[in-house]
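Here we start with a single chain on its own, the form predicted alone, put down as structure tokens.
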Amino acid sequence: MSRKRSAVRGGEAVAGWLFVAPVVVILGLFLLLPIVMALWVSLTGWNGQGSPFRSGVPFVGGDNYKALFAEDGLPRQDFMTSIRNNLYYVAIVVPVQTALALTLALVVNQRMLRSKGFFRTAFYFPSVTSSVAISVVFLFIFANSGAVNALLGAVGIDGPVWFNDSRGLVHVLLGTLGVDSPPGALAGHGVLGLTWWDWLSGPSVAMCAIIALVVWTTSGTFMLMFLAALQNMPQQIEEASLIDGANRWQRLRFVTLPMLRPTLFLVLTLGLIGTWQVFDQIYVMSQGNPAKTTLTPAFLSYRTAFKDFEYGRGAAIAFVLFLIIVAMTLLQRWILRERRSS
């Protein structure tokens, strides 16, 4: 009997591998193999001429990575500037889009709300619109004579020149308080090629316009995820909390949010990945300007490889970005893990 069972299981294993073999081959050819090839390119000085695997391509080892972290020069300065910009971008976009998406999901999930279909479609519509098209529209909205500055002028505020203003929000705020020049302790010291004054500048005025665009276009997708999770919640749990006398805030904090933990992890993970990989909006709206205050690692990787023809360094930036995303995802998973009481 045991031999027959082992033979049956062996046959099932072979059949299983036969069924998944096409997908494994496709993933290997179009996903795994390009990653391995890009990793090799990051260890070379390939300039895009010919094949990166020919004998004449210089092998530089970790020099491309060393230039990003350990060597003084423009490559490290640009890379650290892009990391700083993206850190501020992630720190603002991920919490705001998550909170907005959850709020919208709670609103459209109300039983007494009329025209639910209309509101769900309206909130989700920006997410399915071309990012390039919306970016062009936002360029007009945030122009010098655009709608945003017109609204600010209506309340007596002189709007900035959005995509020409390289000042960080912290610098702008300090400027209103009379601090126009950096303190010596911040301007004279720094880390990784940037002064502390540069690290603590905050997102630039131009980056804030891009942040507004991204939050508006991504919240609808995450709203649907939260909405699906809310509609799958057992009705008995909410009724039990009502019987226990919990108010709306207590139900949200102690009932709804704990049950939304898996969806919250998914939304935050997708938000982190998307914000660290931001490219379309940067390419269309700013090209990393003004003064490199909207430069991001993804756009820097593209510019280094396809404009400066330093494909090895461009691939190295992409792999560092990949490691950053993996590390932050693992950190987020650890923070949101289920804590069991002993």
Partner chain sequence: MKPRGLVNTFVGYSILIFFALVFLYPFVIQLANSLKTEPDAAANPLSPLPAPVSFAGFERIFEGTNFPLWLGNSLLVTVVITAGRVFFDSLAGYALARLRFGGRKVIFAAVIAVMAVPGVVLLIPKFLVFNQFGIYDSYTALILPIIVDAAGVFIMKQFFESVPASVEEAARMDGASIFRTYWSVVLPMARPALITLTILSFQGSWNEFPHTLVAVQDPDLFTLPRGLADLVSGSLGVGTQYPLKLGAALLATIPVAIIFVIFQRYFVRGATEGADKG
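By rigid core we mean the largest C-alpha set that fits within 1.5 Å across both forms. Note that the coordinates shown come from a computational prediction; the quantities given were computed from them, not determined experimentally. Positions refer to the first chain, counted from 1.
Beyond what is shown, the protein has a form predicted together with its partner chain; the following relates to that form.
Taking 4.5 angstroms as the heavy atom distance cut-off, pick the stretch from 199-207, 104-112, 177-185, 72-80 that is near its partner chain in the model of the complex. Looking at the other structure, the answer is 104-112.
Contact residue in the model of the complex, from G146, G190, P95, G159 (heavy atom within 4.5 Å of its partner chain): It is G146 that has a heavy atom within 4.5 Å of the partner.
Taking 4.5 angstroms as the cut-off for heavy atoms, does G288 touch its partner chain in the model of the complex? No - in the model of the complex, heavy atoms of G288 and its partner chain never come within 4.5 Å of each other.
In the model of the complex, does F53 come within 4.5 Å of its partner chain, counting heavy atoms only? Yes - in the model of the complex, heavy atoms of F53 and its partner chain come within 4.5 Å of each other.
Just to confirm, T121 within 4.5 Å of its partner chain in the model of the complex by heavy atoms? Taking the distances in the model of the complex, the answer for T121 is yes, it comes within 4.5 Å of its partner chain.
Can any non-hydrogen atom of F59 be found within 4.5 angstroms of its partner chain in the model of the complex? No, F59 stays farther than 4.5 Å from its partner chain in the model of the complex.
With the partner absent here, would A67, L173 and A327 each sit within 4.5 Å of its partner chain in the model of the complex, counting heavy atoms only? Looking in the model of the complex, the three residues A67, L173 and A327 all stay beyond 4.5 Å of its partner chain (heavy atoms).
Contacts with its partner chain in the model of the complex - residues in 311-325 whose heavy atoms fall within 4.5 Å: Read in sequence order, the residues that approach its partner chain (within 4.5 Å, in the model of the complex) are Y311, G314, A315, A318, L321, F322, I325.
Would you say A70 moves its Cα by 2 Å or more between the shown form and the other one, aligning on the core? No, shifts by less than 2 Å.
Once you overlay the rigid core, does the Cα of K116 travel 2 Å or further between the shown form and the other one? No; K116 is a residue whose C-alpha shifts by less than 2 Å between the shown form and the other one when the cores are overlaid.
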